[in-house]
Ligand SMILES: Nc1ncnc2c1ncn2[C@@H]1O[C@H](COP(=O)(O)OP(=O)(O)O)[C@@H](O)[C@H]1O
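Given as structure tokens, the chain that follows is alone and in the form predicted alone.
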Amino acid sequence: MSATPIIHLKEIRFRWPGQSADFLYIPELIVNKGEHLFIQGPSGSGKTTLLNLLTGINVPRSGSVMILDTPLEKLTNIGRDRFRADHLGVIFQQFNLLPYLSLVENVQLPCGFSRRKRANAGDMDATALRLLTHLSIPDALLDQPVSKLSVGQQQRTAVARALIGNPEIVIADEPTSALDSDNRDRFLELLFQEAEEQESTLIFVSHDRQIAERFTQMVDLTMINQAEVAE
């Protein structure tokens, strides 16, 4: 595995409007290319806030969020949106699938926002079908609205959508919270298989400590967040 940093957070401080103290202070966090990072922490510890910094939805009060050698805090709002669309794939906790689109259309959606992903996907129909097949979605469901799917099937469709266009980084925000242990384990196997095939770096946030051992790197946000003693 390459030791090339793909994510480098340095002296990150973030606070919400109206707060007098930092909510997050992370002196440093490095993730190398191809690694699978598990970020754990209880509810309210700042996991989603950290993901929002990594994706450029929020920017730090000070410090640097370096993603793929690009300092996100120096980009404009439009620049960060474009960067996120081109280089990141996100699996949301609630999946965020569009009910009026078919499975295939949902998977192809990121390519509509990114020329880079569109170019990487090539034949978008074939690529979407390949991803859905690899993720064990039956052919009979491919043209159905997502409302016809089980929770597990919706989840796998969300994974395919995050992976299309070969994003360098895939970020997953507690995507296994609604699954039992058997379906959770199967889901993780499929996610790892697809991420490794595409050589994507995986950032996975969860409070479920039982799955931490599956990852090459693990951090506890309550340990790396020094906000309580920062000021």
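Predicted, not measured: the structure shown is a model, and the values here were computed from it. Note that residue numbering begins at 1 and tracks the sequence as displayed.
Keep in mind that the form predicted in complex with this ligand is missing from the display, and what follows is about it.
For the candidate spot formed by 89, 92 and 152, no residue has a non-hydrogen atom within 4.5 angstroms of this ligand in the model of the complex. From the list 37-45, 160-168, 64-72, 189-197, the contact stretch for this ligand in the model of the complex under a 4.5 Å heavy atom rule is 37-45. Contact annotation: residue 49 falls within 4.5 Å of this ligand in the model of the complex, judged by heavy atom distances.
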